[in-house]
Each structure stands twice: as C-alpha cells, then as structure tokens.
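Only one chain comes next, encoded as structure tokens, the form predicted on its own.
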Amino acid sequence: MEAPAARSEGPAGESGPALAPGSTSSARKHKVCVIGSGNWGTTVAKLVAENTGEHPELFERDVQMWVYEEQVELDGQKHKLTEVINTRHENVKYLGGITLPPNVIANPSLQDTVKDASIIIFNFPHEFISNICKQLQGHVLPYARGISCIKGVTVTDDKIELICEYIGETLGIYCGALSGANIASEIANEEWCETTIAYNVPEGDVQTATTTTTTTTTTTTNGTSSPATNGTAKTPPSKTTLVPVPQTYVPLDHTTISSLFSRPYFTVSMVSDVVGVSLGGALKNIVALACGFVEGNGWNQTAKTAVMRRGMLEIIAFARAFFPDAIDPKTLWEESAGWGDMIVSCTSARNWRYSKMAVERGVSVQEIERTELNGQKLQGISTTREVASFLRAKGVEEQYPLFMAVDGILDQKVKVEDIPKLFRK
C-alpha cells in the first residue's frame, strides 16, 4: 500500500498532491459522479467536469451524470435524453442552449453511475431522496463521500433530519452540503456568484495541515485559504460508523473539494457548519414563497423586506430549537448559504417567481407548478408542508407564524392579505 500523499505547491501557487516520501507513484485519483440532471444538477455536472478536466492530478476526467431516461423530440423525431446529451453535449430539456463538456457522460443507470465513485454529488428534488437512496444501497463504495446540493429536509412528525444526514445514514457514508445564492441558469452561463460548502472531514480520513474537523477555511478560486469565523459548529451525532477513505487516494479535504467546485465564475467558501448551511438552504424556500405572495399582491419592496427579516428570525429560532449543539448562527448571517441565499431566493429564484405568478393569476401555487415547470418541482411547497406538520406535532406552531401562514396559504385556508397581522405584537 502506498503511503499517504502529501501536499505540494504547484505552478502559480496551486495546491496539488505530491509524492509521499519513498513513493514511486502518485496518489489514486477520485472518481466523481452526479446524481440528478435537472437544470441545477446539469449545471453542477458542467462545472465539476470542467474541473476534473483541469485537475488530472486530483480527479478522473469523466463525470458520470445520472439521467432519468425520457424521450425528447428533436427535428420531428423522438430520442432518448441520454443519447442527446452524449451526442449533442446539451441537456435540451432542462438546460437548453448550454454546451456541456464532453466528459459529462449521461447515464440512465443509477447503479452504474455510482460504480467506483469516491465522490458522489446529490442534486435532485428532495421528495425523491428516499426512493433514490434505497436504489443506491449496496452499490456505493463503503468509503465514498457525498456532497448534497439538495435544498430540503426530511421530516416526520417526531423527527427532522438534514438531507445530508439522511443520505449519510442510509448509505453508510459521510455527506456534506452545498448551498448559496445560486441560480442555475446564471451559473450555467458563467455569470459570477458565490456558494458555501459545509464539510467536516471525518476523523479517519486522510487530512492535511490546511483543514481539520474543527477549523473552517475560506478557499478562493486561486487556491488560497484563510481562517474563517464559524469553525465552532459541531457535526450532528451520527449512527453511521464510517469506513475511512484509503490513504492511497488524494486527501479528501477542504482544498480538494474546493478544487472540484471552484470556477472563475463560482467562488467557493468552505465551512464546517453543516447544519447552518443545510437549514439555510432548505427553510429559505418557505420565506421565498411568502415574498412571492407579498409581491404578487401588489405590496412594495419594504413589505417584502419585512417578510425576509421575519423569515430569517424563524430560521434561526428553528435551528436553535432543534439543533441546539450543532448550529453556528454566524453561518446564516455571514455566508452565502444564509442571507445571500435568502436575498436571491426572495427576489429572483423559482419559489418567489412562481408564488408571485400564482397570486397575480388568482390560482394556486400547485397549479402553477403543474403548468409552468416542465415536470420539475418547487421545493418550497414540500418543505413548507413537512415543516408545518412537524411544528404542529411538536405543539410549537405559534412560535413560527410566517412558516405556518405560508402553509395555510398553500392550503387556501389563509389569505395573503392576512400576512401583515403576523407582525403585530
């Protein structure tokens, strides 16, 4: 077995794996795959494939992307979507007009997509998480590591669980989370933005001096790192006993993960607060629906700002109540996954846009989802339903008036005009 690979500084200060003392071959490269091929899933596949091509010392070149097989019509003929992606290098149904790198390989087989992958990126509507994870059980490497780009939570009446936790415990792996002020179409067109990735390097994995399980680093696109302020958050307790990443691999730490996701148009901030990043990404979708209701009703920007402020207070209260030892509120105030994501979601993203459209047309959000989204889902709807049910089961719904009002509007039991009453003390 090869000794652990050490870090060395490459050209222009770029960080990469060096040969360990006495080693005669380089460390094993990570194979990357993406589960999901909607507009966001395809966008993430595009940017990580660009990076696997540019970092052959870290990653295998090809990125398998799981595609739910369906027929699309081109030039008057029906074609399999996977065949179109692999020949035209374009996801014509969900990300039309964007050229994908040739090393994005569309794969209709979920199990074949994850075969031998040491890094699995999850990116699909969260209501499908249970079914997909069941299909993956027994097919992923025992030491694989995941990054969830799914903005949601899994909820029962007696428990709320982060998506990355659910993935980790179902598949027996560690899974971090990516969230931020990100709009898929803008990133696909390489318009600059930033994001936050939360990843606590498991204790048994190979580490370098640049990252520990309790220290947060902010890594920019030029590969430099600096200490950040929110490194005190703890990982929620896990029932999973992790198999360490073999030391024959390139160390899978903040530096390597940043190298996989960072692009000149996509700045990555690496943190350790998985709870803050996950909850910020999930619960802001409830607030975005509320902002769409407000704007669709003809109220002004100051009214929408009031809803955003109230929404952030409820997100922080929720995190402190149900994840008291694992949340660092600084994440929600300082990171793209917090206020940044809240602002863009409530001003230009899908949940806001389509809830606004629903009020303007006098129809339900569910009707807009059915007629306007080309088969895709508004994650805010399912998140609102699940969170509201959880809060009612806990008997604390009165402490979250905005969350509950959005649920009531979706059920057409509460009127949009009643929202200002939430702010009366």
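Note that the structure is a prediction, hence the values are computed from the model and not measured. Numbers for residues come from their place in the sequence shown, where the first is 1.
One more form of this protein should be noted, the form predicted in complex with a small molecule, which is absent from this view; the next part is about it.
- The closest heavy atom approach of Gly180 to the small molecule in the model of the complex falls within 4.5 Å.
- Among residues of the shown chain, Thr256 is not one whose heavy atoms approach the small molecule to within 4.5 Å in the model of the complex.
- The closest non-hydrogen atom of Glu335 lies beyond 4.5 Å of the small molecule in the model of the complex.
- By the criterion of a heavy atom within 4.5 Å, Arg310 is excluded from the residues contacting the small molecule in the model of the complex.
- Screening Ser269, Asn285, Ser272, Ser355 for any heavy atom within 4.5 Å of the small molecule in the model of the complex leaves a single hit, Asn285.
- Of the residues Lys304, Arg145, Arg350, Lys330, just one reaches the small molecule in the model of the complex with a heavy atom at 4.5 Å or closer; this is Arg350.
- Stretch 180-188 is the answer when you ask which of 166-174, 180-188, 316-324, 111-119 has residues with heavy atoms within 4.5 Å of the small molecule in the model of the complex.
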